[in-house]
Ligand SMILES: NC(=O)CCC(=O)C(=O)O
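One chain follows as structure tokens, the form predicted alone.
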Amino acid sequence: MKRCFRTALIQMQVGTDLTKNLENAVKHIQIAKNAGAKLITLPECFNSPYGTNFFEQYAETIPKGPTCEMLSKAAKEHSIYLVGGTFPEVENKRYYNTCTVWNPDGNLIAKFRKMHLFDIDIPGKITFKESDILSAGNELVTFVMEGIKIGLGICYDLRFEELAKLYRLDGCNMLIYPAAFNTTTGPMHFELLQRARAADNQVYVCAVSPARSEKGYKAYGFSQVTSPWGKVIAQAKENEEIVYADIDMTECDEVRQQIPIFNQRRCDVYEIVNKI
């Protein structure tokens, strides 16, 4: 089991042209592979603008459609594990914000639908309601990369510690969140939440944002890799950028041995249970 590897988070610009978005993703995947990345992650809504008025227009079935075809081909061509950010999915006339994962053979090995929908209202700053068009997923999803178990979440899911805790209890050493936080809540909470999820659960956390755009929805950026100690080990700014981090899973072992909080949990008093 290889416990050391390089990961890359692709913080890319996203526009209204689907073909150009896919081409931009392919270009950055190539760059990341050439830099030695084994696990590469794209951002939330990497093939379309982010917004309730775009989800239906850009939605595809999985594993059909140009986006899945590109992801499968790229994973196989570069012999990588590719977390395909998210893109709008349609099934039985219902729409989802979905993350797919592809192995080095180009096979689809995981599909996670955003569980917690982004419905918020901050007066004078931002109002957004994903549930106007999207349906919520109801399943935790993990995949295994050469013996390393990785859990998936999407953006607003990062705020819910219970989801991350269930992944840790299921044996995950890393959590990945494609996440287009906005410029209102991003400066306050994006780094904080990642560090909290990492420290609470003694796992690596990767969160991948689109680059900030001057038009339409303004993503915060600042894609980040956080260690199981809760330390930020790599972070982007707001523009298009690839974030690299060399991951050593023995850090998970070390922090869990030195601060054994999971052996000290008071399950006689409280418990988090997966009812699915």
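Heads up: residue numbers just count along the shown sequence, starting at 1. A quick note: this is a predicted structure, and the numbers were derived from the prediction, not measured.
Absent from the display: the form predicted together with this ligand. The rest refers to it.
Taken together, the three residues 114, 156 and 185 all lie with some non-hydrogen atom within 4.5 angstroms of this ligand in the predicted bound form. The partner is not drawn, yet in the predicted bound form one stretch among 141-149, 174-182, 99-107, 68-76 has residues with heavy atoms inside 4.5 Å of this ligand: 174-182. Under a 4.5 angstroms non-hydrogen atom cutoff, this ligand in the predicted bound form has residue 50 among its neighbouring residues. Although the partner is absent here, residue 95 sits far enough away that none of its heavy atoms falls within 4.5 Å of this ligand in the predicted bound form. The shortest heavy atom separation between residue 217 and this ligand in the predicted bound form is within 4.5 Å.
Residues of 31-45 that come within 4.5 Å of this ligand in the predicted bound form, judged by any heavy atom, reduce to 44 alone.
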